[in-house]
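The chain below stands alone and is given in C-alpha cells; this is the form predicted on its own.
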Amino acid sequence: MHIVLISTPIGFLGSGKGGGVELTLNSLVSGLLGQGHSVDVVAPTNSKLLAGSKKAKLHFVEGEEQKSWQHQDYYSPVIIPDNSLLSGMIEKAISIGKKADIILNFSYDWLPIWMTLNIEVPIAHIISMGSESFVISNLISIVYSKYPNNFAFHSNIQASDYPFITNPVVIGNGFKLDDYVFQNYKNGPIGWVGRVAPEKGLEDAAYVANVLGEKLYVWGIVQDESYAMKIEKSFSPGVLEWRGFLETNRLQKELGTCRALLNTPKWNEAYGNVVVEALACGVPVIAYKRGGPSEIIQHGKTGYLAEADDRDSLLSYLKIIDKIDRKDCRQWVENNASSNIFASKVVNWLNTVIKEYQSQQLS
C-alpha cells in the first residue's frame, strides 16, 4: 500500500509542540515500513523523523502554524491564517495522493475533514482528541453520514465524546519497542511527562512530591511559562526538577529509572502515550481514572487508577507502588502496543476505508 500522511500543523516534528501526535506518527511510519508499505509524510519545514522512520519520504511545507484547539473556546470559529501551513500541507498531500492508495490525516482541524467530501482521493482521519470544537465535531458528523469508516479513535472513551459515532473504529496506539529499555528499578524518583500546560494537571503531581518531601522529575516542553512559574511558587523550593523536552532515546533512559509515573490530566486524554512509554520501560503508572489511561492501566497489576482529581488517592497508591511487578508493565506493552500491532490495525482499517470509497464511487 502507498500511504500519504499529513502531520500536525501545530509545530514541526521534533519540536514537541505536537504532543503525542508526533510520537504516534513516527511509530506508525516505522510499523508501516516494517510491513513493506510505501510512506510519504507531509510535514512542516524543519521536521525530523525518528531513526526507525527515516526511510519514509519527507515533504516539507512552509507556512503559519495553526493554534491548537485545546487552547481555544469550544465554540470558537475556524481560523485559517494567510500563508496557512495546514492548507499548504493538504495541497501537497493531495498532489502526492493522486498516485497513492490513500491519504491519512493526523491533523485535528476543520479543513482536511472538509476536503474528504470535495476530492477524489480517499482521506482517512486519526482523531487525536476528544470533542474540543463544536464546528469540527459537527463537520465530523456530516462526513460520517457519508463515510462512516473514515474516522479512527485511540480509545473507546475518546470515541464516546462523539455520540453520533456508532461502532467506532478503535485502533489504540503503538510504539517501536526496541527504543525502550526495560529497567527494574524499585527505589527511583517520581516522574511526570507531558506538555506543561493547565490541562495536564502538573500541580497535582507536584502536591504528591511535596507531601513526601521528594523531587518530582518533569519531562516535557513548557508550553505555558506563567503556569509553570505559578506551580513552582506554590510548593517548596526544589520540588520540581525540570528535565526539559527530550527525544525518545534520552527520555526512556531517564524515565526508566523512576519507581512510578504520575499521570494527572484535567481532561480526557485520547489515549495516553506517556503512560505506555513508561510501561515499556517497566515503570508502573498511577493515573486519574479518566480518558484513555483508564483503558490502558490494569489496576493493581501495571499501576493504579485513582479517582479523578483526588490527589490524596495518588499519594496513597504511590505508597504501595512496590507491589507492582515491573515485568508485567513491559509485558502488557509487548502484547498490546507494539508498532507492528498498531500498523496492522491501521492497515486493516485503511483497507476498509478504500473499499468503502470505491463502493461510493460505483454508486
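Not measured: the values here are computed from a predicted model. In case it trips you up, residue 1 is the first one in the sequence shown, and so on.
Just so it is clear, the following notes concern the form predicted together with a small molecule, a form of the same protein that is not shown.
- Comment: 270-278 is the region of 270-278, 75-83, 160-168, 144-152 lying near the small molecule in the predicted complex, near meaning a non-hydrogen atom within 4.5 Å.
- Of the residues Leu251, Leu216, Ile94, Ile113, just one reaches the small molecule in the predicted complex with a heavy atom at 4.5 Å or closer; this is Leu251.
- For the options Leu246, Val181, Ala228, Leu212, the one in contact with the small molecule in the predicted complex, meaning a heavy atom within 4.5 Å, is Leu246.
- Using a 4.5 angstroms threshold between heavy atoms, Arg195 counts as touching the small molecule in the predicted complex.
- The closest non-hydrogen atom of Gly19 lies within 4.5 Å of the small molecule in the predicted complex.
- Within 4.5 Å of some heavy atom of the small molecule in the predicted complex lies at least one heavy atom of Leu23.
- Contact annotation for Gly201: none of its heavy atoms lies within 4.5 Å of the small molecule in the predicted complex.
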